[in-house]
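Here you get one chain, nothing else, as structure tokens; it is the form predicted alone.
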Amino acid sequence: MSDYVYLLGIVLAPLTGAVLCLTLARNNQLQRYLALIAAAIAWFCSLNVLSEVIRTGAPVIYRLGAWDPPYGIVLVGDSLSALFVLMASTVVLGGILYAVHCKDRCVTYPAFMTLFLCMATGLFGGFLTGDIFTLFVFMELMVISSVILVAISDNRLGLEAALKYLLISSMGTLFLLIGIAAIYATFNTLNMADIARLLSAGERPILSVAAAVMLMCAFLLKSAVFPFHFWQPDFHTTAPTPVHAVLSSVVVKVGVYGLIRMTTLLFTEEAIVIHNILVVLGVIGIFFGSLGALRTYDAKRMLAYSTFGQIGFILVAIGWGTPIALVGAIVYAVNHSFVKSALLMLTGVVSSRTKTKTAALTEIGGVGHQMIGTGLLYFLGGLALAGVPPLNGFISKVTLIQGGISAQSWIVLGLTVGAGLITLMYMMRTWQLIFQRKPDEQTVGLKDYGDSLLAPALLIAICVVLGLYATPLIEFVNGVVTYLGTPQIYISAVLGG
């Protein structure tokens, strides 16, 4: 059983960068570039892992301390985790690239880059770990780091939002720990492949059902799914722009990833019940998020509410339960990450031109009237989020509709298609308000400079490429879903034999 060292590099690069940034507390500019290098190394390692998985057609692993599973902790890079970690590392790299030229005061704090890299470490580790308790550790590292980043933001409401989320997250931590404890008490193991092997034998002790419920609640909370959604608008809106771009695009996908693992690897017999719950919660989230985004008063808050709706689309696709629908869910999750992070950065670019750095729609109307490049990128991002061809959001919507047809869930499919029109409404309304109106100089003061467009421009370029050349992604995700349909491949790769 050979170890694939690039898996360790994905986690170790940002963690080492975080430690080194602490030693450079007096040189903020050097901190930023060091963080950028660490994120670039993690991105390179994640690309290498995905390439290796595609080349061999099998998962790769790394045994920490050379302990064989199930007794030791193992990192697993299969087609699902490799795709998600490449998606996450790309967005994190874009977030740090944005932060390098960001004018927010909080970015100059000595702890900012260290915390950002710690958040990235927890995010990457959560996707790669093959041990359920280590998943808890990585998720807590991600949560604590993001809470502090929001608390130190320039927004005066950041501390309040951080405290709210810290309290709510404690409930998610409790759910997760109870689920882990129930699994360990039942099966005497924490290795996910070993748990899947034991569950596949058909035994269902009473604590295994409780564990499934607790884990599902924990993942729903991490993804801000109804009824665990109420912390998200305040927390994400008050976050610094580079942090918000990561939180609303990839951090919320940790819960989605966990739900996919639950239904395809661990609790396959309970998957039908879980799927039915996800469809109901997904439809509620679609309309709650879409209508909230349509009626909100802040451009960043609008995109935070939009995340409710977009996660709802993904949950509905998972809940349909067919292979084609799962393809739609994964494609949607990947494409949404790039679109949402780019739109949040573009909103940050606009608000950075105001002296008060506000994103209130009543105050930034017309601010982008002379920002032609920013307006064009925002327009493309808005169309992609609404699913207009030929952008990647259109591919997401098409795969989602194909999943609904395969599941023959006509009513839910009709509701999701109708909700997509609401997305187009609030995105075009916001674009017209910010970029088409002439600015009211008495409403808000403007600066001659703002944040850099480089990072969001690169992410929008990815959205265009994934729309025009969608076949490679769809073919790969089809392979991912075929692989997920045979959990024994994962079990054998981790445990051997």
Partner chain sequence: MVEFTLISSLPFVLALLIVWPPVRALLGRGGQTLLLTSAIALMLVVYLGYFPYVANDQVLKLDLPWVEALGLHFTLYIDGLALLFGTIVVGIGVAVTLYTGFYFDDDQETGRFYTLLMAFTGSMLLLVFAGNVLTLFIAWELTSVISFLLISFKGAKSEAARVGAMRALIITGGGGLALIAGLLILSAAAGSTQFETILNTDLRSHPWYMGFTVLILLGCFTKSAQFPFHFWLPGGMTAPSPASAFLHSATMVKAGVYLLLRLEPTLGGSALWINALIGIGLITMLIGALFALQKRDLKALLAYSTISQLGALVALIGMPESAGIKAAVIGVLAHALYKAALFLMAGIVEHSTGTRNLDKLGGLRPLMPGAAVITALACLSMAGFPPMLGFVGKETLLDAAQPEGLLTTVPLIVMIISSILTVAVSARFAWDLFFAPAKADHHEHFHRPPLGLIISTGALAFMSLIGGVLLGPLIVPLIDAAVQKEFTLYLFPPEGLASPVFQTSLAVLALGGGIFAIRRWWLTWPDLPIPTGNQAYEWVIGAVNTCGDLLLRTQNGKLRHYLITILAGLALFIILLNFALGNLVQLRNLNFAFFNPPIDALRIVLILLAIITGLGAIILKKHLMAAISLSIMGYSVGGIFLLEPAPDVALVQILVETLATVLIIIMIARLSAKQREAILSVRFNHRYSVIRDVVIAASIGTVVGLFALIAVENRPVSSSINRPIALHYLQNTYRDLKITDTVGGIVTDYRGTDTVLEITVFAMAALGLLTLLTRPESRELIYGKAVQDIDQDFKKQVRLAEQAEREYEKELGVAQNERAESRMSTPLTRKIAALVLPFALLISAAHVLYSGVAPGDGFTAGVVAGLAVALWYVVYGYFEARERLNWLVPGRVVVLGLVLTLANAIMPEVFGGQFLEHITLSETWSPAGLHFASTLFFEIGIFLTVFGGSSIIMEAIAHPRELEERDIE
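Treat the numbers as computed from the prediction; the structure is a model and nothing was measured. Numbering follows the first chain given and starts at 1.
Quick note: we don't show the form predicted together with its partner chain, though the next part is all about it.
Peer 1: Although the partner isn't part of this model, could you tell me whether Lys253 comes within 4.5 Å of its partner chain in the predicted complex, counting any heavy atom of the residue?
Peer 2: Lys253 lies outside the contact set for its partner chain.
Peer 1: Gly57 versus its partner chain, in the predicted complex: is there a non-hydrogen atom within 4.5 Å?
Peer 2: No, Gly57 stays farther than 4.5 Å from its partner chain in the predicted complex.
Peer 1: State yes or no: in the predicted complex, is some non-hydrogen atom of Leu36 no more than 4.5 angstroms from a non-hydrogen atom of its partner chain?
Peer 2: Flag for Leu36 set to no.
Peer 1: Residue-level question: is Thr23 within 4.5 Å of its partner chain in the predicted complex, judged on heavy atoms?
Peer 2: Yes, Thr23 is a contact residue.
Peer 1: Exactly one stretch in 244-252, 93-101, 412-420, 77-85 has heavy atoms within 4.5 Å of its partner chain in the predicted complex; which is it?
Peer 2: In short, 412-420.
Peer 1: Of the residues Val367, Val349, Leu220, Ala329, which one places a heavy atom within 4.5 Å of its partner chain in the predicted complex?
Peer 2: Flagged contact: Leu220.
Peer 1: Here the chain is shown alone; which of Ala40, Met428, Ala461, Leu454 has a heavy atom within 4.5 Å of its partner chain in the predicted complex?
Peer 2: Residue within 4.5 Å of the partner: Met428.
Peer 1: If you check in the predicted complex, do Leu8, Ile152 and Ile395 all have a non-hydrogen atom within 4.5 Å of its partner chain?
Peer 2: Looking in the predicted complex, the three residues Leu8, Ile152 and Ile395 all sit within 4.5 Å of its partner chain (heavy atoms).
Peer 1: Select from 116-150 the residues with a non-hydrogen atom within 4.5 Å of its partner chain in the predicted complex and write them out in sequence order.
Peer 2: Cys118, Asp131, Phe133, Thr134, Phe136, Val137, Phe138, Glu140, Leu141, Ile144, Ser145, Ile148 sit within 4.5 Å of the partner.
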